[in-house]
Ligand code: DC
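Below you'll find only one chain, the form predicted alone, shown as structure tokens.
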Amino acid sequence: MSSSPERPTATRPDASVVIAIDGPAGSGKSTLSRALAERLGIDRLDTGAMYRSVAWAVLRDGVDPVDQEAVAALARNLDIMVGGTVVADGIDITEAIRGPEVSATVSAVAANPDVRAVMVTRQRSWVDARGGGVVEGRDIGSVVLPDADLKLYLTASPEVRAARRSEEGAEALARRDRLDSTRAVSPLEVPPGARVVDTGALEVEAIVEQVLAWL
């Protein structure tokens, strides 16, 4: 996978640090990862966007999302660039992957063990190529980067998360939580050694300061 880096102005030269951020939908992973990447002057990878890109391609090509072999083959051949924008096979899909159809499909795609194997390899290669970074997802601290310098698990009340994802609705969010937490491969869980952060209780600036103190 090729990737366009997000490299904002550095305020602290910790380019080799690896931060893994996990949590359910609407827990604030993207907001916190962007803020940390900016403060540390390092790259950020949204692994959820990678799985959403595969879900988008599944819908584009009319592939049955439960056809594991077909979806895995599509994932292996899909060119994904994740950075300030998300591009798949040369198409800017930054907005498209946040639509309701992709949101309804992505959990089934992400449950495919062969798709996960492809994405995990790409995610580790992304970190290796940069020597560090802020990586967000649902299995980063538990599977992708278990030896990360800092592992965070973000949480918030169902009401807070539903308000943040109003376009999906509370019922759809609960369904995604259930699918992500019960899938056979790399389920959503608190990684060993992770610090649990309730993002509904603190402003992002306060969380950033706390995370910097933990590094």
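Quick note: we count residues from 1 along the sequence shown, nothing fancier. Quick caveat, the model's predicted, so the values are computed rather than measured.
Separately, the form predicted in complex with the ligand exists; it is not shown, and the next lines address it.
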*asked:* Quick check for you: of 63-71, 33-41, 177-185, 148-156, which stretch puts a non-hydrogen atom within 4.5 Å of the ligand in the predicted complex?
replied: 177-185
*May I ask you to choose, among Arg130, Arg124, Arg76, Arg98, the residue with a heavy atom within 4.5 Å of the ligand in the predicted complex?*
Arg98
*Using heavy atoms and a 4.5 Å limit, would one call Val86 a contact residue for the ligand in the predicted complex?*
no
*Taking the shortest heavy atom distance, is Lys29 within 4.5 Å of the ligand in the predicted complex?*
yes
*Consider Ala110 of the chain shown here, and say whether it contacts the ligand in the predicted complex, taking contact as heavy atoms within 4.5 Å.*
yes
*asked:* in the predicted complex, is there a heavy atom of the ligand that lies within 4.5 Å of any heavy atom of Val134, even though the partner is absent here?
replied: no
*asked:* With the ligand taken in the predicted complex, which residues across 184-200 come within 4.5 angstroms through any non-hydrogen atom?
replied: none
